[in-house]
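We've got the same protein chain twice here, in two forms, each standing alone as structure tokens: structure 1 and structure 2.
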Structure 1
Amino acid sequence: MVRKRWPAAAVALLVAAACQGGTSGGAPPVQIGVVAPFSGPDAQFGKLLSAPCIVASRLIDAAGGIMGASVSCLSIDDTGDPADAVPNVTRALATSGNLRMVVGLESQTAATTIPLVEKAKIPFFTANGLDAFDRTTDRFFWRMTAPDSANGVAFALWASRKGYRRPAIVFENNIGAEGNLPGLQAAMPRLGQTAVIDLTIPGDAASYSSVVDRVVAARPDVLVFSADPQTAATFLSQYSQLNGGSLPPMVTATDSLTPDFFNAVAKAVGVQYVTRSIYLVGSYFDNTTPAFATYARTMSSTPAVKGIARTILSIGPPASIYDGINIMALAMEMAKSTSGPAYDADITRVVSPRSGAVVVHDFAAGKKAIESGKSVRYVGVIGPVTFNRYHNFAGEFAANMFNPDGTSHQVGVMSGADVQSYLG
């Protein structure tokens, strides 16, 4: 997942949030560890991944908790730096009294934090996109976020569908952005595309004029671009200045469906460009389903997160975290245990189609069905899930565009099978 700077107001709301569920009976709360940066320059990202935990916890507690126990969210600060992440996660795993599921584990530190959680035998749903985990043998690993290489293919595939053949690739030099490059570079020749230039740039530089000169000279018909809002605003403003006011269309990640990105780029180059020429590509989920309705309603009515609900509801990784928590909670109900090794096997059963299974779209309905002796199939915000042998599910992909008020609308869908077919 590509890192972005999130709205300051949103951060303030989430910093103030107490990630605690209500009490339920005498059982100790089931803790959900959120491993993410909560300090340092990327602290906003931790608040983003806390929001779905807060919402899922609220709904689980409203349904009576997990076997009568309430749930609480525990922030585990990886600071965005592997050197800090290891001692911080190790300490949390050793001292947290009832840590039974973990979410987050994003790209910057996943390579060092995932082995720690795996060793602790705690099931976890990760938001990282590292290709290194495409064929993991980790038993407790689960991922419903597309690997970065697949996102890169989706960028190329959408550009191809719009008729673009001469892309300029410009990515900020961070692990989340650059992870898209192998898939993008592999897919382009098969789609009849030739990159006219392929560059990485530092974030938040005062000027990109020398880089922009090279891109303009290459005469691309589209920018395949990934950078934070301020970097994008500076780059595009200088591109417009050095190219007679003209800008090529852009394909970027749905991570940029944020007020910060919209406002910064619109201020730099105008709302018309932002709403008519920027395509945002990433994980697809259907916002007309019952599961989405519950997710959106609760997100918008939960004081700690409602200020950024509109932003979060457009992005795939938070939805996968929310669904992952519900899946693990229902697996606990099925196994009648909160022990990781005991309920991990039921994770697949919770989402798999089976004869006689009741399709449910939230924890409350699933808990009720399980308590009545029925098997369930959870179909959540990201839709039906089929994990492969490596506990990965990439799902479908979609392209979105901004509306003039900063909201977004979907303009196309790409199947996961189509995307995978261009990976080589």
Structure 2
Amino acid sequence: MVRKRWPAAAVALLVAAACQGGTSGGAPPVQIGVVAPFSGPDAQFGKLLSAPCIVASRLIDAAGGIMGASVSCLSIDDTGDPADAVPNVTRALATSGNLRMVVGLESQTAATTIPLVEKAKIPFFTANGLDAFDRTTDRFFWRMTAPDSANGVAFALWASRKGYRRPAIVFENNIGAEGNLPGLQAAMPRLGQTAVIDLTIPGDAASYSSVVDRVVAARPDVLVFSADPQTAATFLSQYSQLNGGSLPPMVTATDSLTPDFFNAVAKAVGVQYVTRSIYLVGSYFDNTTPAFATYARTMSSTPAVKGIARTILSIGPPASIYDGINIMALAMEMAKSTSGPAYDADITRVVSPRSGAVVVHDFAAGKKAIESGKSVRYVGVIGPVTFNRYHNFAGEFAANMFNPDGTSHQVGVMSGADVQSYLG
């Protein structure tokens, strides 16, 4: 790599420079950029993040588009590797003249891609939880995904609610997992828990026997765990073998709510453990609201995403992307412009409670209300939203469990305020 990307990077830069200012107004289709890994080891994550865009754009088009312009999703492959992500995003920003909003921007590449989008003055909703953006002053930055540290607190809080006092912390040394550690470690003493062991393990090793032996010897009552599917499967299988066939329950992140994780772990230690003893903790939303009904119905009837609909419907990041697209689209309607600097300020107004505002749950209703001169308040899948001064909003947290067919259901909710109080 590295030097090989020079030509690509240089070409992207040249094109970027050449195309600057080459864009103009009009009503051609509005493009929504989805920055996510579409190739490489995390390609599945890309599908989870692009599905809500497909659903939202379908609904927006059905409602007559944004100011008459139809909407399309543009996949921008960040490959999970910053060195590839930067040229790819730069190229997309430069060559797609109608890129008007961006979503995705996951944690592995966010730190390098977000400055690019910000500089291009395109508003974006990010699905990453990096603590780096808790107090960002970026004008076009918007986030409705909880920071990783808050996620870590939620792990501890859920374990505590279930009555576990002696957790073992076992995290794979990868970027996603490590972000949760500070919050987790801060919250445990406040919740009266003692981590009996705290280990970082390498991914995809042939054997974890000696590590497992240490964890077994510490006699934890719960595993607070995070690892890729293969590592998790190997670790758990060896745990079960060395612990007389039994395994303590596990609290892990909703990142693991994937078919890959379910299949790998179920094959290694059996479906029963996976469905009965694994809690997947992450951002919460209520699945009985009208907004969710629209979201779920469209998701299940869209051919391209039907197959993974049930997984997507149970986790937070896609829902926040769906809401984010609707919010930006309504802000465009409100500002009567698709230009970033023009509609960015309206994003707060679309969601904030104001007297006389009509509460709407989807784009179609919102558009109608705006067209008839009313002000609106969008309450979407993840519920009512209020952004703080850093354009961040952290909602509530939920624990999910797998169903025997690999889908999942919610088993409990933790309020955002609760989680914040243990963060210190």
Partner chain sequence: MHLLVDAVGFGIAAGAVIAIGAVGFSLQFGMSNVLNITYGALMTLAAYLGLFLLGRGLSAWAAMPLCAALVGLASVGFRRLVVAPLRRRGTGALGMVIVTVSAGIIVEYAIVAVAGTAAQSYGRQSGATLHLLGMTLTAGQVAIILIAAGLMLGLHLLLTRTTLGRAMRATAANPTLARSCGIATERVGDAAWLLSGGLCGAAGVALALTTVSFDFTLGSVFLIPMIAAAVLGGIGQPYGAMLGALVVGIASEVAGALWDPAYKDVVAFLILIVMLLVRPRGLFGAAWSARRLLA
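All values reported here derive from a predicted model rather than from experimental measurement. All residue numbers here follow the sequence of structure 1, with the first residue given the number 1. Here the rigid core means the biggest group of C-alpha atoms that line up within 1.5 Å when the two forms are laid on top of each other.
Just one of these is the form predicted in complex with the partner chain; is it 1 or 2?
Answer is structure 2, the other one does not fit.
Relative to the superposed rigid core, does the CA atom of residue 320 travel 2 Å or more between structures 1 and 2?
Result for residue 320: no, shift under 2 Å.
Determine whether the C-alpha of residue 260 shifts by 2 Å or more between structures 1 and 2 once the rigid core is superposed.
Shift at residue 260: 2 Å or more after core fit.
Comparing between structures 1 and 2 on the rigid core, is the C-alpha shift at residue 353 2 Å or larger?
For residue 353, whose C-alpha is compared between structures 1 and 2 after core superposition, the shift is less than 2 Å.
Inter-form CA displacement between structures 1 and 2 at residue 272 - rigid core frame, Å:
Value for residue 272 between structures 1 and 2: 2.9 Å of C-alpha shift.
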